[in-house]
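First, one chain by itself: the form predicted on its own, in structure tokens.
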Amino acid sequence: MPDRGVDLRSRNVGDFALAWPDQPAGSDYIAERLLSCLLTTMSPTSKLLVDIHTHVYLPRYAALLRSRAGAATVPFIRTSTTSEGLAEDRLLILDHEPSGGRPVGPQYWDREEKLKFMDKHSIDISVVSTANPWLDFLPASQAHTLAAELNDDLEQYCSTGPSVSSSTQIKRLYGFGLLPLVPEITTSVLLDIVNQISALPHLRGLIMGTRGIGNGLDDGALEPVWAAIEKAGLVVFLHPHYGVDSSAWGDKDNGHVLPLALGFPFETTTAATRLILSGVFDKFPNLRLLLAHSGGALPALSSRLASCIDHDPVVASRLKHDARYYLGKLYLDAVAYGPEELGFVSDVISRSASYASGASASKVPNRSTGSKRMLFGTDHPFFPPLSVTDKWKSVTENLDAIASVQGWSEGDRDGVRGGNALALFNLQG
């Protein structure tokens, strides 16, 4: 099994109480991690730009979507004719998509197009994931087969791609594998696929939606899967797809804006909160969960959540710590588009250790500490610029936001841009 690395949550001694709260002070574990952190900090690769939120529809998956062009329900890719008489592929993955879906082309499945995008924006490494809706719409047997095939495809996509430079073995492409999380799938199948992913050297985690096998991610039936993921050292990228009840958006035509700007982050917020309330992070303290879109509304609502738990004895007795403690167990992408939002999120993360049961640490936030849990992403190939010559705003605005957060040192910014990802995914030359 390839070395998945460890949870490098900090880069200076003062942050270690937050970084490894479950380890005794002075332990060999902390000494080893400190050495690893120092080596990472001194490495010339620590200033690489790493995109951890970037998607692909591999050719096998795109072919499946094309085969569903006549389906009554999403997802599918359908070819239509433009007013100029040209053939155009359109992707529909959500119900009631405006304009008949979004135009798609090679940037969604062609590796060379991914690399061109990376080169245009000086992105050194991408950790690529299959875009939603993954395998959610398939019967169990087909989902199982396709998951295994797509994981092998993604390994080849990454392993046969270029290296960062001639002087390093670090590849430019790594990936998140897929689990066949659908109703009626068996636990043994899910565990087999976890083992497959962990054995593929260029897959460093797995992407997961919020429905689990039909009852959400707090379903007790998933506990053996969480245990296997934790043991394998894989990173779970939690990504939304379904949003919230569309009736909340009213009758006015607002295009994609409300479902994507609010629905997706609210879905992530609910799923992550349900995981916290279920006690998953107490049972599996080394589980590494990465939340899309900077954790949605969870950072802003975490103190309200803690207060509600305090007034509900059923839930309060289930958890070992204040709810705010568990935000320090999470990783968040930095796809927030604004420095104030990133600064606030890093404040919330940084105080988490002070909410551990029996903790006496100061609750004064330290943005530098919180930044160690945040990682740059672009959401490519979605939201392209209107002109092919333009740079993507999801790159430029998020990089500008990282550069402008007050209270982050240049080392912190380098960490969010790439150093934190190198450590989390153990990307070493």
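Bear in mind the structure is a predicted one, so any value in this text is a computation, not a measurement. Numbering starts at 1 and follows the sequence shown.
Omitted here: the form predicted together with another copy of the chain. The next part is about that form.
With the partner left out here, another copy of the chain still marks one of 308 to 316, 167 to 175, 127 to 135, 196 to 204 in the model of the complex; by a 4.5 Å heavy atom cut-off that stretch is 308 to 316. In terms of contact with another copy of the chain in the model of the complex, the residue from D219, E112, D282, E184 that brings a heavy atom within 4.5 Å is D219.
This chain is drawn without another copy of the chain; in the model of the complex, the residue among W249, F76, W226, Y157 with a heavy atom within 4.5 Å of it is W249. A residue is said to contact a partner when one of its heavy atoms sits within 4.5 Å of a partner heavy atom; P385 meets this definition for another copy of the chain in the model of the complex. Contact annotation: T273 falls within 4.5 Å of another copy of the chain in the model of the complex, judged by heavy atom distances. The shortest heavy atom separation between R60 and another copy of the chain in the model of the complex exceeds 4.5 Å.
In the model of the complex, another copy of the chain stays beyond 4.5 Å of every heavy atom belonging to N151. Residues F264, P265, F266, T269, T270, T273, R274, L277 of 264 to 288 are found to place at least one heavy atom within 4.5 Å of another copy of the chain in the model of the complex.
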